[in-house]
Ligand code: HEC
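Given next, in structure tokens, is a single chain: the form predicted on its own.
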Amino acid sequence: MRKLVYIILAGIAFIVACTKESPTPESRNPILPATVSRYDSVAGDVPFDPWDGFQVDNHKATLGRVLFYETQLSKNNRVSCGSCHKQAFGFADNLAKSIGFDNGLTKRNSQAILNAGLQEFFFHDLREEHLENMVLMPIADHVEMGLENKDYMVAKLESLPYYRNLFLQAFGDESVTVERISDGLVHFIRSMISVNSKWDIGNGVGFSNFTQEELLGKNLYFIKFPCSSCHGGDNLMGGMSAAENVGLDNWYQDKGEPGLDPVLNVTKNGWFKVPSLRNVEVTGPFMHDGRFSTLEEVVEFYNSGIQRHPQLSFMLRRGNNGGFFDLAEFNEDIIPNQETGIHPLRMAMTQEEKQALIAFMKTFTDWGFLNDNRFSDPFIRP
């Protein structure tokens, strides 16, 4: 009887263990094109360098594609980088918080991936400067993928036969190392170039491809409202990488970027990375915590919901004259005492203006990028 009980318990344990993990590695093999894909080029003429001088190696990017979708890089073989960065959603997630390997929720909303060469810092709090380090951090994160032991990371990949040729093609031999895993992911992510939206095409034809509503939205975005002050430039994210406090809350539990406020000389509270608005039509939910589900909610927040905060971005403050903040009013002796400059801007948009802004932002969507097979999951059978 005791033996029977042990057998039953062992069987239950085996079933539970199996249900927690994805299928065995032997049943997952990537389907790759016979000729290596060209990750080092992009269709059309681009008036700027989206790689920022980086030379993408096609074989390394191919390896990186497989690694990006490799569930064996999680502790229990259940999730991959692509689980939280989905192509259909601009390589963001369609959830406010993503689901990790053990069903835990991530701290923040997954950011979209594109044009990494035009960024200098990564994560919502800008805590990592080097992409080579950043790509490994989610794999080791105790919530996201849980593979903290780098030796185990290497051993898992060494046990998968299809990596032998991938590493051979990328590096000249079959050796698997953490540095090579990082390098492959970096080449793949740097190859994810999104520069063929209606907006990009319009730039080359004087926006003759735009509707009247989209043209109105463009003028609102660049002239009437301060949208382009933060979301401008080639990548629609202002400077290379920057953080701002947009007044989501009066006080933030999630502090965001560490460091001191440059004016108040107090600990920063609520500073988060300014994201690119490329593909914003599909990358919701929005904000670092995914609190807004739709672009309509986002536009209404900036129209009427910005909160009073002593560290509010200057671009979102109401000036003494009731309009946009005037830098001529800036007074370092007054602002720390909260006497002026921290009243949130109220834009008083009409319904027509709100709709036009959203129509214009939808011209940032690069449908070719969202459907490019080079960036798709190679483990999915056609």
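Since the model is a prediction, treat every value here as computed from it, not as a measurement. Position 1 is the first residue in the sequence shown; the rest follow in order.
The next section is about a form of this same protein that is not shown, the form predicted together with this ligand.
- Only one of 296 to 304, 157 to 165, 170 to 178, 200 to 208 lies within 4.5 Å of this ligand in the predicted bound form by heavy atoms, and it is 296 to 304.
- The shortest heavy atom separation between residue 113 and this ligand in the predicted bound form is within 4.5 Å.
- In the predicted bound form, this ligand stays beyond 4.5 Å of every heavy atom belonging to residue 75.
- Contact annotation for residue 234: none of its heavy atoms lies within 4.5 Å of this ligand in the predicted bound form.
- Among heavy atoms of residue 127, some come within 4.5 Å of this ligand in the predicted bound form.
- Here is the short version: of 218, 288, 268, 86, the single residue with a heavy atom within 4.5 Å of this ligand in the predicted bound form is 288.
- Interface residues of 54 to 93, taken as those with a heavy atom within 4.5 Å of this ligand in the predicted bound form (partner not displayed): 68, 79, 80, 81, 84, 85, in sequence order.
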